[in-house]
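Shown next as structure tokens: one chain only, the form predicted on its own.
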Amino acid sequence: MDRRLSEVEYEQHLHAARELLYDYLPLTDEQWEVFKQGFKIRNYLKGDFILNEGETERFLSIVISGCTRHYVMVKGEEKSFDFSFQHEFNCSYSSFIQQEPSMFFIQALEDCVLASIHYDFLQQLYLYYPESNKFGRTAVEQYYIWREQREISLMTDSAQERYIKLMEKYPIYLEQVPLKFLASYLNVKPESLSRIRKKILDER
């Protein structure tokens, strides 16, 4: 459920969104005044669903604070396959691009704030401000690079190797993600992950 923010909080989050976007969307003040009209600051509490399976993704978002979990249901069991942390994009990309129902859920793992731009507004920006194409392209490129790397890792690395790579690249995962979700992401049982973590600690 999207929670209401005060006007001051809203403007603060918009400012944070502009700073995050600046590297690949260096808009002038005049351009930003147009661009920000399409942004919606969405505030969720821990456990809230940002997107349900079967709903169409209307927003391309950046996580201003907090983190989210992406998961699918397989034979009644939740299978986590992605997380979005502070300053990362958050979206059901295929649903957003095709404007068709999402095949997975997105849930707030902790209280989080998203700066989100609506699909319809983004299409208008592409038409009238060609430089804004970089915003959408960057989000999609990041997603597909991540997906290719993850698929190769699942085929070539052991569970321990996948965990070590995760520790090296995304140490924040280990601080914010519950063990059962992290195990699902690594495609191992929670007890197996516990053994892997213990083994690594013993070897240090």
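Note that the structure is a prediction, hence the values are computed from the model and not measured. Residue indices: 1-based, along the sequence shown.
Keep in mind that the form predicted in complex with another copy of the chain is missing from the display, and what follows is about it.
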For the interface check, one of 53-61, 36-44, 166-174, 153-161 should have non-hydrogen atoms within 4.5 Å of another copy of the chain in the predicted complex; which one? 153-161
Flag residue 140 as yes or no: does it have a non-hydrogen atom within 4.5 angstroms of any non-hydrogen atom of another copy of the chain in the predicted complex? yes
Would residue 105 show up as a contact with another copy of the chain in the predicted complex if we use heavy atoms at 4.5 Å? no
Contact label in the predicted complex: residue 80 to another copy of the chain, heavy atom within 4.5 Å: yes
Using 4.5 Å between non-hydrogen atoms, is residue 65 touching another copy of the chain in the predicted complex? no
If you apply a 4.5 angstroms heavy atom cut-off, which residues in 89-109 are near another copy of the chain in the predicted complex? 93, 94, 97, 98, 103, 104
